[in-house]
Each structure stands twice: as structure tokens, then as C-alpha cells.
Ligand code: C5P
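Next comes just one chain, in C-alpha cells: the form predicted alone.
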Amino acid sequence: MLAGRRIVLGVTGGIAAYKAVEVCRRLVDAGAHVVPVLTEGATRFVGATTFSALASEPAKTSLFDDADPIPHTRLGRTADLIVVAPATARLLAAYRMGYSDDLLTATLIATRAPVVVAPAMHTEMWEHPAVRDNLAVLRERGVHVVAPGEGRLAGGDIGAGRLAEPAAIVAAAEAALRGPGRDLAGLTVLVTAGGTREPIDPVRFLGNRSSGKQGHAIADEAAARGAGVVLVTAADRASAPGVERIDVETAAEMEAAVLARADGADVVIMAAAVADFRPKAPAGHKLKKADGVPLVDLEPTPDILSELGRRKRAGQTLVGFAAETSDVVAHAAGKLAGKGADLVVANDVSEPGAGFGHDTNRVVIVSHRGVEHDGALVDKRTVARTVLDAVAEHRRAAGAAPAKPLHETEPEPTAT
């Protein structure tokens, strides 16, 4: 996938810049034509001579070059891929805003090639809302993000923000060049997202922590891969152009919308966090504190996944989700057996960086053949690709190799 491809390797000014040397070497060893572009800040951590010696062309550090008056335009137009590792908070902000004050940011803005960014920064910076917002916008624009891991940082601190390993960055480069294709063209994919809200009174509700990020990422990815997508969502989030969207709030509303459209869907992915219980008799007026503590009588909500499993027609693929806090594989296998699903995507929501509200997730995918996928902590768009890859494989998998038996895999007890 990398052989013969022209790759611009951007390096920015962070302590992790030394790891970009290994990224450069791996890309070259894979047959890529690598053009290093270093920011001024990067040269304070690593030398341009090092990259010039390892790469396919001398390292470039300036927007102003007497031999090439418009280097950013040439680099942007001729690149098959741009990889930025490490990507600092400053680079992410500039790229998001279209602010080009050096060769690297100008090249990023002057390209139509796929872009991979591998952020690296201190934990406080990585967790800052501005950084998260910038990344969210870049993801929505199609930028591939290789999420950082946890480990030792500059100054001896330990936490999230450590640059992903070079092998993972190179793998992301290969995936970006491969692209999702349009392997779902001609299929109708029904996706649910978000957490339902079950009213207690006109101003209060029972809910959960689901943000809808994962379900929306799956819907967006399915649309990018050519599917006709129906998104039934309880989340106040944007969806991709071309996605047919049905907004709901309660489990009953979600059930009605899903069952009305399920028969026409080739694939149904129940990524929503549907409430298990709801108040039996919601008050028609606001409950007053002065009236004392109310007694809220609960009843079960509809089991939408079980009903879908009961109704599932020949040729339809049904995917359930399981948010767990322990024994992830065992609970996923139980849900798979009991609900009539073909695949169950499960995660441990107690893990740092995984589950509700985060931009990243770590999932296990279980089928009736066993564990199909047990991955690392990655961004939710990458999880979406993995889920849809599993769906595509399931639909063509009559003679596929067996998955890892359930009893051979144990859930990881600690965070990634």
C-alpha cells in the first residue's frame, strides 16, 4: 500500500519529534517516497540533517525557497498522503482555522490528499476543550486522527498525550491510503445513537451518559462507504450530508422509529444507549420540592434489540452494543446468544478514555464464531470503520477462518 506513494511527513515542535525519525524510516522501508517538512519548533528537538539522511528528499523547513517559489503548492498537489507526527496543539489549531504561517500548515491547506495527524502533548493540553473541539472539527472534515496513548511524558509526568507508537502511525497511513472504498454501496444501514431520556415530569428525566458520538461516527462512516443510511438518534449532534435522520427522545419513540424502518434495512446497528427502565406514570406538572420526595414507580422499557432479533429476516445483519464495567467478553457473548444478533460490540465504560462522552473508545467485537476483534484505544471514527469492516466480513464470510474462541480471550482489566 505504501510502495511508490509520495508522502509528506510533517514534524512539529514537541519532545516526541524524535519518534518521527522512526516513522520516517518505517515509511521509507515500506517503499514510500518520503518528503520531510519540519517546523521551526521541530528543529529545536531534532535535526533536519537526520531526516535528510533517512528520507527520499532533503528535509524542508521554510516556506521561502529560492529554488521553488511555491513549495507548499507543489508539495500539496503531488502528495498522495500527508502524515503529521507529532501534531502539537498549535498545529491542530492552525489547521482547523486555516491559519498558514509556515510551510507545513500551508501545505496542509494546499492539499486534497488524505491527512493523518498523530497528536502528542501534555495531559492537561490533550484534555483541554479547545483541543478536543479542534480535533472534532478535523475529524468531521475527514482527517484521520491517531489518538495518543498513556505513558511517560516530558518532565517525568505520566498520563494521556503520549505520541502513538511509530508502527501504529504507519498502519494508520496505510489505512488512509487504502480508504474505505464504497463496499457498502447498495445497502441500507439503520443506525441508532445517543441515550434516551425517560420523563419523570415536564422538566426532569431519567437518562444516561451516552453522547451519541459512536453511533454518529458509524452512521457517517457507513455513508462514506456508499450505504444509504437512516440514523435514529437521541443525540443533539450533527450528522453527515446524505444521512436520513430521525430525532427521538424516549425509548418508545426510538422503538417506533426503528421498527418502522428495520424491515427495509440490510444492516441494523443498535449503538444507542436505550434506557432499561422508565417512570410508569410521568407527572403532568413539575414536581415541587416542597411536596416532599416523590415516589417514582419504574417499569421496563421495550427491548428493541430482542424484537429486532425476533423479526430479523434472511440476509439481514443485526449488530448490538453492550456497555459493560466488567467481564466484557462474557457479557457480550450472553447478549449475542440471548438477543438474536449476529455481532455484539462491547466496551468497558469504566476504562479511562473509553465509552461515554469520550472521543476515543476500545471495543471487543463478538460473533457466534468467537472474538472477531479485541482492539486498542482509538478514536471513534476508527472504531466505526472496524465495526463496519466486521459487518462487511460477516456478510461475505461463509468460508472465513474461525475467530478466536471465547474461552481463549479475557477482557483486559486495566486501561489502555
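On a predicted model such as this, the values are computed, not experimentally measured, just so you know. Note that residue numbering begins at 1 and tracks the sequence as displayed.
Form predicted in complex with cytidine-5'-monophosphate (C5P): not shown, discussed below.
**Q** Tell me, out of 184, 145, 304, 170, which residue has a non-hydrogen atom within 4.5 angstroms of cytidine-5'-monophosphate (C5P) in the predicted bound form.
**A** Contact residue from the list: 304.
**Q** Could you spot which one of 135, 275, 164, 91 gets a heavy atom to within 4.5 Å of cytidine-5'-monophosphate (C5P) in the predicted bound form?
**A** Looking at 135, 275, 164, 91 one by one, just 275 meets the 4.5 Å heavy-atom criterion.
**Q** Please name which of the stretches 103-111, 278-286, 209-217, 332-340 has residues with heavy atoms lying within 4.5 Å of cytidine-5'-monophosphate (C5P) in the predicted bound form.
**A** Selected stretch: 332-340.
**Q** Tell me, yes or no, whether residue 270 is in contact with cytidine-5'-monophosphate (C5P) in the predicted bound form, where a contact means a heavy atom of each within 4.5 Å.
**A** Yes.
**Q** I'd like to check something about residue 119: if you look in the predicted bound form, is any of its heavy atoms closer than or equal to 4.5 Å to a heavy atom of cytidine-5'-monophosphate (C5P)?
**A** Output for residue 119 is no: heavy atoms all beyond 4.5 Å of cytidine-5'-monophosphate (C5P).
**Q** Although the partner isn't part of this model, could you tell me whether residue 320 comes within 4.5 Å of cytidine-5'-monophosphate (C5P) in the predicted bound form, counting any heavy atom of the residue?
**A** Yes, residue 320 is a contact residue.
**Q** Along 117-131, which positions have a non-hydrogen atom within 4.5 Å of cytidine-5'-monophosphate (C5P) in the predicted bound form?
**A** Going through 117-131 in order - heavy atoms within 4.5 Å of cytidine-5'-monophosphate (C5P) in the predicted bound form - there are no hits.
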